[in-house]
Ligand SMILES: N[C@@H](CCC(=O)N[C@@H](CS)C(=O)NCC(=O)O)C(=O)O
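Next comes just one chain, in C-alpha cells: the form predicted on its own.
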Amino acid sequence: MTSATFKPIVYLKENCPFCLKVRLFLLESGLASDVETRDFVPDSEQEAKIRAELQPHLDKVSFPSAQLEPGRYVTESDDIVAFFAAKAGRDPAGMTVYRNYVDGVFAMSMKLWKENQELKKAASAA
C-alpha cells in the first residue's frame, strides 16, 4: 500500500477514556470517515488478534494505538490527536465537545484514578 492510498488505522478499546478522547476528536473534526477504526471489547478474541498485529511494531501495546502512516505506530492519545489536528488544520482547544470531555469527565476520571492509586499504595504500606 502506498502513502497515497494508505488510510490511517486507529485501534480503540471499548470503555477506555483515552480511546473515547481520540474518537470524539475524530468525530468533531470531521475526520472519522478518513480513518479506519478497529474497535474491540476488552478480553475478547478480537483484542488478542489486535494485540498480535501491533506487537511487532510497538515496545508496549496499549490503547488507543494508531498506525498514522505506513510503518508509523503510536500509542499516546495526545499524540494521535495532535497528528490528526495538524492534518485537518483544527485546533482541539476550539472544539467544544472534545474540550468538554477532556476538561470535564476525562479530567475527573484521571483525578479519581490517581487518588485510587495513592490509596492503594498507602494501604499496601500499612
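Don't overthink the numbering: it's just position in the shown sequence, from 1. Note that the structure is predicted; figures quoted are calculated from it, not measured.
Unshown form predicted in complex with the named molecule; subsequent notes refer to it.
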Is residue 75 near the named molecule? Define near as a heavy atom within 4.5 Å, in the predicted complex. yes
Taking the named molecule as it sits in the predicted complex, is residue 29 near enough to touch it, meaning that at least one heavy atom pair lies within 4.5 angstroms? no
State yes or no: in the predicted complex, is some non-hydrogen atom of residue 16 no more than 4.5 angstroms from a non-hydrogen atom of the named molecule? yes
Contact of residue 63 with the named molecule in the predicted complex (heavy atom, 4.5 Å): yes
Of 29-37, 96-104, 81-89, 63-71, which is the one stretch near the named molecule in the predicted complex, taking non-hydrogen atoms within 4.5 angstroms as near? 63-71
